[in-house]
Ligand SMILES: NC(=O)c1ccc[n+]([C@@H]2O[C@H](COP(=O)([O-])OP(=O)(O)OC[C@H]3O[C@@H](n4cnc5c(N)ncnc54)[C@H](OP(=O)(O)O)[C@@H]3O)[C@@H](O)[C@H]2O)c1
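Just the one chain here, laid out as structure tokens, in the form predicted alone.
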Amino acid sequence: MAEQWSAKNPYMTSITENYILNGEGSRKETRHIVFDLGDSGLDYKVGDALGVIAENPPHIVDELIEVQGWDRDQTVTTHKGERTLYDALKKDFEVHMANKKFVKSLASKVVSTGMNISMAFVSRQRNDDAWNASDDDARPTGLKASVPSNDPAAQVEAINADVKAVEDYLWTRDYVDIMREFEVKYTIEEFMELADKLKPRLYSIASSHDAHPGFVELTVGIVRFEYNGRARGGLCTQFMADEINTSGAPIGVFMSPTKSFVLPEDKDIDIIMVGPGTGIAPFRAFMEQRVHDGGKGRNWLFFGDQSASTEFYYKDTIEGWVDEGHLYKFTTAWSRDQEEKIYVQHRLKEHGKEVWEWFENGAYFYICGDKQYMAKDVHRALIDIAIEHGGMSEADATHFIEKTMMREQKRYLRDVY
């Protein structure tokens, strides 16, 4: 029965729990969200992901219809069938963020005034903490882009002349912003041809099915920000947190099994887990499974975020694992709790001698979280540990980490996004 559920045919369920994990005063909003698997027959193993079918925020759909002067009740036909325009824009297309095809289409819509323009973009800035949004569409407020609009046609030409210029322009603008900026109108058919189809979002599962039979649980960073005086954010995170919440309203889900991000078959093998921020999700599942299975393998968890007072997710559970001896070692990296910024890669190197001993003893190494910065820094830390404590050259250390552990032995496994 479970095989029938997929991205195209999701199991319609409800959210039974949806609560904030952060302490008072946190700059983040991280939630624990629980889905009822009901009579779906769906099963999962730790390391798998849950696919969630989201819808666009109602206010974005309303603004889009208003700025274009469309009839929300008009019947249209999309790849999902016949429905009202409102439902099509809410459920079938990614309308909360614009795409490159749309920006290119502006060339046929704007008229030149013959005036010269200049371009002024401010480059993106990295948040000094690994940004742990769980959505692929989230946008930080740190970037601002300003393009004088003296000559719309020349402006569009300049934006489209460079790939990075298009990316920077899109970083802070959605369809409504662009339509207002250039005062352009599209037919419904034109827009649906340009807009991307709405895609499901995948989230690392934060529970063991053995520990929570009939349910699947997530750890989700809710992304919210404001730009041009309008509320924005992650499509699926806001849908789960706000529109569905625990209202009982239906939400579609399906399982996305992993083939590689799995626990060792031998339950007596040691594991090291590195999961800052929402990267803790699969390791909560791993620990629940390891406790359930009762093996002799030692478990070492590296976790961190901005502050222990506001981002210590699952604190009572983790401390319980430590007290009961299930978690052999628990190492934290709170970046804002002291003057010097401390991250998980720093803690790994501080414990480099013991990490290397675990590697020599056959331990598996897992990492989950930010792909762009954190994962790269942790990877570099492992190479440095192999050099310092394994007595290897740069080349040999790189070969050991990237080929021996990752590819040949498959005991360095990553779930990064």
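Fair warning: this is a prediction, and the values are worked out from it, not measured in the lab. The first residue of the shown sequence is 1; numbering continues from there.
One more form of this protein, predicted in complex with the named molecule, exists but is not displayed; see below.
Novice: May I ask you to state whether V223 is within 4.5 Å of the named molecule in the predicted complex, using heavy atom distances?
Specialist: Flag for V223 set to yes.
Novice: Can you check whether Q345 is within 4.5 Å of the named molecule in the predicted complex, heavy atom basis?
Specialist: Yes, Q345 is a contact residue.
Novice: Should R336 be counted as a contact of the named molecule in the predicted complex, where contact means heavy atoms within 4.5 Å?
Specialist: Looking in the predicted complex, residue contacts with the named molecule include R336, since a heavy atom lies within 4.5 Å.
Novice: Is D377 close enough to the named molecule in the predicted complex to count, meaning some heavy atom within 4.5 Å?
Specialist: Result yes; D377 sits at the interface with the named molecule in the predicted complex.
Novice: Tell me which of 71-79, 337-345, 288-296, 208-216 has residues with heavy atoms within 4.5 angstroms of the named molecule in the predicted complex?
Specialist: Single hit among the candidates: 337-345.
Novice: Where, within 300-315, is there a heavy atom within 4.5 Å of the named molecule in the predicted complex? Residue list please.
Specialist: Heavy-atom contacts within 4.5 Å come from G304, D305, Q306.
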